[in-house]
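Single chain ahead, written as structure tokens, the form predicted on its own.
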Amino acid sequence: MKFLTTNFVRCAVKSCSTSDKSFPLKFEECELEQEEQDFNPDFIISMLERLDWNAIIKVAADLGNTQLPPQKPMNVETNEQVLKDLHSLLLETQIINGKMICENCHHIYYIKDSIANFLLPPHLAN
């Protein structure tokens, strides 16, 4: 799963839907891989408006990247290096295997072969 996806997933347990602790999920024991993608600065610029920057920082730190600025970069349209760095993080960083953990209910979602499993056991699905 692409790093970008981490900004759009939350715990699927119904009781967690109102909890601030259900997003972002905590990432542990992750195997990462860089997969080259075509650079599309317009896509990065348009996505940046939709991203929860605090969640990006938290997930990046979970995965070992503590170099992101505390504030969302402004005026990225004029800074090609920042666009390339964001492209590399958001689109080229793949989570191959690992765990995503809800910090509210502590349910573990596994990632295997880049696919996150959000199926819940029956006792959590209702």
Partner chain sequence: MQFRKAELESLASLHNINVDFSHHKEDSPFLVVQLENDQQAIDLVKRGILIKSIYELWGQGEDLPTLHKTVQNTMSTYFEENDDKDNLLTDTFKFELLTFLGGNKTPLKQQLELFDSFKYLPFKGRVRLKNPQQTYSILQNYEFNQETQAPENDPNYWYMGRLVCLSLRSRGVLEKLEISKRPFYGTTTFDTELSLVTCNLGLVDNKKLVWDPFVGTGSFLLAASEFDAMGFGNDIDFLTLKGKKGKRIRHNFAKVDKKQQFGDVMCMDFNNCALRNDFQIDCILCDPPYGIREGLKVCGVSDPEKMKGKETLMINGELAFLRRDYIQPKRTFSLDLLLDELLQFAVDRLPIGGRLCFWMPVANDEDIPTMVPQNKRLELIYNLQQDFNRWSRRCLVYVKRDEGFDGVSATKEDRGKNNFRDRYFKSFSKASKPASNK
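Residue numbers count along the first chain shown, from 1. Everything numeric here is computed off the predicted structure, so don't read it as measured data.
Missing here is the form predicted in complex with the partner chain; even so, the following discussion is about that form.
The partner chain is not shown here, and in the predicted bound form it never comes within 4.5 Å of any heavy atom of C16. By the criterion of a heavy atom within 4.5 Å, Q67 is excluded from the residues contacting the partner chain in the predicted bound form. Not displayed here, the partner chain is approached by D113 to within 4.5 Å at the level of heavy atoms in the predicted bound form. At the 4.5 Å threshold, heavy atoms of C11 reach the partner chain in the predicted bound form. Listed residues Q34, N79, Q37, N54 were compared with the partner chain in the predicted bound form; Q37 is the one with a heavy atom within 4.5 Å. Three-residue candidate spot N117, P122 and A125; every residue lies within 4.5 angstroms of the partner chain in the predicted bound form by at least one non-hydrogen atom. Along 74-91, one residue reaches a heavy atom to within 4.5 Å of the partner chain in the predicted bound form: L91.
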